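Take a look at this single chain in structure tokens; it is the form predicted alone.
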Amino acid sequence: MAQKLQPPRGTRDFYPEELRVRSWLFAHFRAVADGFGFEEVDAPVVEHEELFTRKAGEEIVEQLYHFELHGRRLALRPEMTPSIARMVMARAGSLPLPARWFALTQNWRYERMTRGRRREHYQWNMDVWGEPRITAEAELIGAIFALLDRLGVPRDAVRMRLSSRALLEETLRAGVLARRPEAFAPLCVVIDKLDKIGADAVVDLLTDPQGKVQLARPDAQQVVDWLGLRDLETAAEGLAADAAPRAQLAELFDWLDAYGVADRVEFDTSIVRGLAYYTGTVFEAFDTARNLRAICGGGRYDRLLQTLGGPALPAVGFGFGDVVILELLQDLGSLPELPRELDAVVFAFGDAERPAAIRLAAQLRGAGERVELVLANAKLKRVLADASRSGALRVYLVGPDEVTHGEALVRDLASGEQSRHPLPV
């Protein structure tokens, strides 16, 4: 059988030119997180399967890459938030709060692929643990727009849409779920599919007699109609004037105005997020042309630690994948050209001159330069051509005469000018 030369479907190889783009993007992720005072953390890519298996019918549970080894059920992480929660639990009582953490992780989900969706992707997470106020959401949304601005995304090219799971929950439990509060989590999983499958299909799922929600059809239609609201006051009509979800969302828009991004954010009741652990504000960012799936998303999950057996601790965070933002930058013509960065090439004419060339390369590297030492006994014409193609700034030539006189010949590849550089002894 012939060896397969392609990686598994939905995964990627990163050749040097592609890895340069990834590293460029990661550097921007880290720069924003550092600028907002967040500390970086990491966790194993393999976790205990039970960390990710919840009972609300989430697609993510069905998409796990999981396996059994020596009697242990393990899984490749599909997202980072549960791993972060596990780490927070491990230091419960001693962790200074609020904890402002970020991570850059590789995640795995066996899902149907579309543009911007792969089975393996990298994700930038930022999380705030231990802050109950809506100021944490404002800080995170501010960080997302700071990243988009750094990447050169035009101000009108991306919009943030947000709502509140708490607003949805209070509204439904005052109405169609008054007698079935346990159906709220699976209901959220279903209505999160609205953009993907349409209103009629969502109604069918909500009324499925074999499903976990089992609403009457008029009630299901009422839920879908509510998801079409785009005005906070209208969406909150059935709640008290001082209801916490309404007040928190209004306060959030005030803080976003202080960040200078309120005009880039809109209220949208259809944003619910597909993970069952969200409890409050939820948000997603989309390109305004709507050619792509969500660029990023997140929200508040104040009860996540409790579901894992830990103490109650408020938390909010987001995940920002690498795939969709690179697609958007490509569409906008904003992906940078990132040539290889190489300061110098050192070339020994033969093995007799190689020790001197090695010492010279070591000296230049010790001074912080990026230096390629030619390993073969190649022809000078080929060395110069390869050095120019690689983007090197200079070539250091070490031949018999150079060794005799203790000076390498240095050629500037841009100007063609030549100079001398003392050879280290």
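Here the structure is a predicted model, which means the values were calculated and not measured. The first residue of the shown sequence is 1; numbering continues from there.
Beyond what is shown, the protein has a form predicted in complex with a small molecule; the following relates to that form.
> Quick one: is Glu170 in contact with the small molecule in the predicted bound form, heavy atoms, 4.5 Å cut-off?
Replying inline: No, Glu170 sits far enough from the small molecule in the predicted bound form that none of its heavy atoms falls within 4.5 Å.
> Do Gln123 and the small molecule share at least one heavy atom pair within 4.5 Å in the predicted bound form?
Replying inline: Taking the distances in the predicted bound form, the answer for Gln123 is yes, it comes within 4.5 Å of the small molecule.
> Using 4.5 Å between non-hydrogen atoms, is Phe347 touching the small molecule in the predicted bound form?
Replying inline: Taking the distances in the predicted bound form, the answer for Phe347 is no, it never comes within 4.5 Å of the small molecule.
> Taking 4.5 angstroms as the cut-off for heavy atoms, does Glu79 touch the small molecule in the predicted bound form?
Replying inline: Flag for Glu79 set to yes.
>> What I'd like checked is whether Arg117, Ala294 and Gly317 together line the small molecule in the predicted bound form, meaning each has a non-hydrogen atom within 4.5 Å of it.
In response: Yes, all three are in contact.
> Within 4.5 Å of the small molecule in the predicted bound form, heavy atoms considered, which of Arg264, Arg273, Arg246, Lys212?
Replying inline: That would be Arg273.
> Among Pro98, Gly321, Pro186, Gly142, which has any heavy atom within 4.5 Å of the small molecule in the predicted bound form?
Replying inline: Here the answer is residue option Gly321.
>> Partner absent here, but in the predicted bound form, which of 277-285, 330-338, 156-164, 252-260 has residues with a heavy atom within 4.5 Å of the small molecule?
In response: Correct option: 277-285.
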